[in-house]
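Heads up, the chain below is alone and in the form predicted alone; it's given as structure tokens.
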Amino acid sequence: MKGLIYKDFMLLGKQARLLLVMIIGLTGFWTWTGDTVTGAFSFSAVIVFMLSMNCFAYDELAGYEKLVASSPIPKKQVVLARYLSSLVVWAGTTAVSLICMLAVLLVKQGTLLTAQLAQIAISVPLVLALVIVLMAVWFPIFYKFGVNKSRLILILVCALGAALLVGVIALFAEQPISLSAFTGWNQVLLPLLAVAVLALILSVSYSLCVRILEKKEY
């Protein structure tokens, strides 16, 4: 398992310096010029998606899946390693963004505002949920069709997702939700429900990836 995760990190090693510069530069710029910190953390979700797609592309180019198919390595470990490496990359990029963000805020303001800390505390779990959903949706597609064939599917899904997001925003704009609904016991129940839903989504996606990899013919 450690070797599989290390393999993913080695694939991404050549991009590490450029990635670090991009994260620090964009996070610093957004934090200095913007009124919100959500965009900086959302960038980590995009980075994780792009790097994960690169790992699939490198594996496909090198014929790695054929090697896995002929080796005694359990397919469950192969899939689990890809999920874990992606989450570790997200944690690393988020940590760098957080350190850079706090440093810029301290230089700009001399202190950290309570509202900013609250926004950071809310943004990180939301972005993590976005990362999990992205992995849950795209990893089975990458395992099934490969990266090159998945590009058209990526465009179609993104278009449908954007249309759905616009519809949801329009719906909430017409019928805004009162913040009073998220007080009391809802403050405990809703986060637990969200964790359970994300865990279920991730579990289904993982099982689907394992099944695809086990039945895939080369």
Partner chain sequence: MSHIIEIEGLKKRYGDFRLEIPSFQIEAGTVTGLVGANGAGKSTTLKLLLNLIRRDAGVIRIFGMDNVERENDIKQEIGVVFDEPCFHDLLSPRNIGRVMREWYKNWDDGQYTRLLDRFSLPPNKPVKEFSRGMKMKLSIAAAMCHHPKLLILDEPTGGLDPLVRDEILDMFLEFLQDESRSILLSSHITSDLDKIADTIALLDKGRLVFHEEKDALLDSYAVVKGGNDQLALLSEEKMIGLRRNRFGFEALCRRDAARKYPQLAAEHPTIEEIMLFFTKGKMENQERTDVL
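Numbering follows the first chain given and starts at 1. The structure displayed is predicted, hence computed values, not measured ones.
The discussion below concerns the form predicted in complex with the partner chain, not included here.
Contact with the partner chain in the predicted bound form, defined as any heavy atom within 4.5 Å, is confined among 131 to 139, 144 to 152, 71 to 79, 84 to 92 to 71 to 79. Residue contact with the partner chain in the predicted bound form: residue 64 places a heavy atom within 4.5 Å of it. When contacts are judged by a 4.5 Å heavy atom cut-off, residue 58 counts as touching the partner chain in the predicted bound form.
In the predicted bound form, the partner chain sits within 4.5 Å of a heavy atom of residue 10.
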